[in-house]
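Only one chain is given next, in structure tokens, and it is the form predicted alone.
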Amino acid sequence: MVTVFLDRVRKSLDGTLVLTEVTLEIKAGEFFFILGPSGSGKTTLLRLLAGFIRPDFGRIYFGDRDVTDLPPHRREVALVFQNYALFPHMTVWGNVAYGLRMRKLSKKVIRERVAEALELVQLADLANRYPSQLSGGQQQRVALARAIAVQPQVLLLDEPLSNLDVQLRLEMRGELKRLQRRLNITTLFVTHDQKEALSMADRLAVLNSGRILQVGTPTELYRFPKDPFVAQFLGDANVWEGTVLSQNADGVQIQTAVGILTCSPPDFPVQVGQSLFVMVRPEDLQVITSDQLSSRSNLITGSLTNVTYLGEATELTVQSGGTTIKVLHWKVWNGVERGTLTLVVAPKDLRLIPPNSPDGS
């Protein structure tokens, strides 16, 4: 196991700045995710770690080794591509053995490593098949087996589940996590799928426009985002701009488009008159009836405009003061299809976000 450390890495491609002095540490044996939209710089970051391109500025370390100027074959890294990149004319066995043959290992070692890798991904009985005879999930496992057979110090995964159907993708999430835990390889997984990252990652970084906005556990980033983009990209979120009216030890009062809200004190200093963002997740908003209004604070009144049945919950769309609010109701909705609703949210479920957050944490 090795740590991976990027120190102020910057990269431009065709005159366009793609990564802006990225500093990031991935712990030894960690299952780490890079999450971001298309064009955020995820693939460029992966290519830098693999050694396919070099940074314009900054250094890359695997443990104590500076690998910045090393070619891919000297980095002890393996990459699983989005399209798997299997050789169609080779059997499963031949595909897995390919990297070992390139390293000129003995036939005995190759046999042992291929057999072990295929056993790990549960494909030992398909060793003589060709890629065209495999399902998408099986092809993905072959690509994984080829990567782990070379016993890399660092495993890089470039959206390996994106070509699978929904049900198979869910199954493979569990398989990948089980395999990573068993191998204990430092693993970097690049994706734009928020649920994938939340369900699998030990920690993750949100990348946007070449900048890392926040680093932390899935719970930390989902419940305590430090940037409006992180709040809205990582799951559904209602994010409103507001102005601080008052503050004390019990909380902060802030004026927003949906009314005056009281929030728990944030972990950063605020001042009266300061502009901030307020976030609340749809599942933290509760619909209440008129007989529950007394002694309640943080009430939001609006018009119900849409009801969407999701199976496990019902999504309500509410308009308040020209602002659209999403509400997740964890039961079948038996209320009106249209009309006035009153919502309530606890101060502890409102998150204050500064307008200009520092990179990562």
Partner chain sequence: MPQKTFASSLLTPLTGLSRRYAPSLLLLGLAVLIVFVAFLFYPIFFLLIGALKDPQGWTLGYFLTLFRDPELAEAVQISLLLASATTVLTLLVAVPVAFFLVRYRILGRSLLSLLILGPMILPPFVGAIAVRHLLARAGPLNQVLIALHILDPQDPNSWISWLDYPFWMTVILQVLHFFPIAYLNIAAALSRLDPTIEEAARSLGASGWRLIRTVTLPLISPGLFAAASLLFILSFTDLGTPLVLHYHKVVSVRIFHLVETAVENPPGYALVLLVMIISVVAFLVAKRLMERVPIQTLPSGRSVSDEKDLPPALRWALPAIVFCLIFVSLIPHIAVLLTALSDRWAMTILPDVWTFRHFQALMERPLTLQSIQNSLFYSTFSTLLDLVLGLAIAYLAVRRSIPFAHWLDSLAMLPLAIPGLVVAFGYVAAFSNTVLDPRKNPSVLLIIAYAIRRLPYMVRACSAGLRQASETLEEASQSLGASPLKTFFWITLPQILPHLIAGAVMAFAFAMLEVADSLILAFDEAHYPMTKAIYALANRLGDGPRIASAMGVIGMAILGLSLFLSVKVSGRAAGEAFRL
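The structure presented is a predicted model; accordingly, all values stated were derived computationally and were not measured. Positions refer to the first chain, counted from 1.
Same protein, other form: the form predicted in complex with the partner chain, not shown, and the subject of what follows.
Judged against the partner chain in the predicted complex with a 4.5 angstroms heavy atom cut-off, the residues Ala78, Pro88 and Arg101 are in contact without exception. Proximity to the partner chain in the predicted complex, taken as a non-hydrogen atom within 4.5 angstroms, holds for one residue of Gly136, Pro72, Pro265, Gly174, which is Pro72.
Of the candidates Ser199, Asn83, Thr217, Thr243, Asn83 is the one whose heavy atoms come within 4.5 Å of the partner chain in the predicted complex; the others do not. Using a 4.5 Å cutoff between non-hydrogen atoms, Val150 counts as a contact of the partner chain in the predicted complex. Proximity of Phe52 to the partner chain in the predicted complex: non-hydrogen atoms within 4.5 Å are present. Within 4.5 Å of some heavy atom of the partner chain in the predicted complex lies at least one heavy atom of Arg47. Contact annotation for Lys226: none of its heavy atoms lies within 4.5 Å of the partner chain in the predicted complex. The stretch that touches the partner chain in the predicted complex, counting heavy atoms within 4.5 Å, is 101 to 109, out of 177 to 185, 191 to 199, 101 to 109, 116 to 124.
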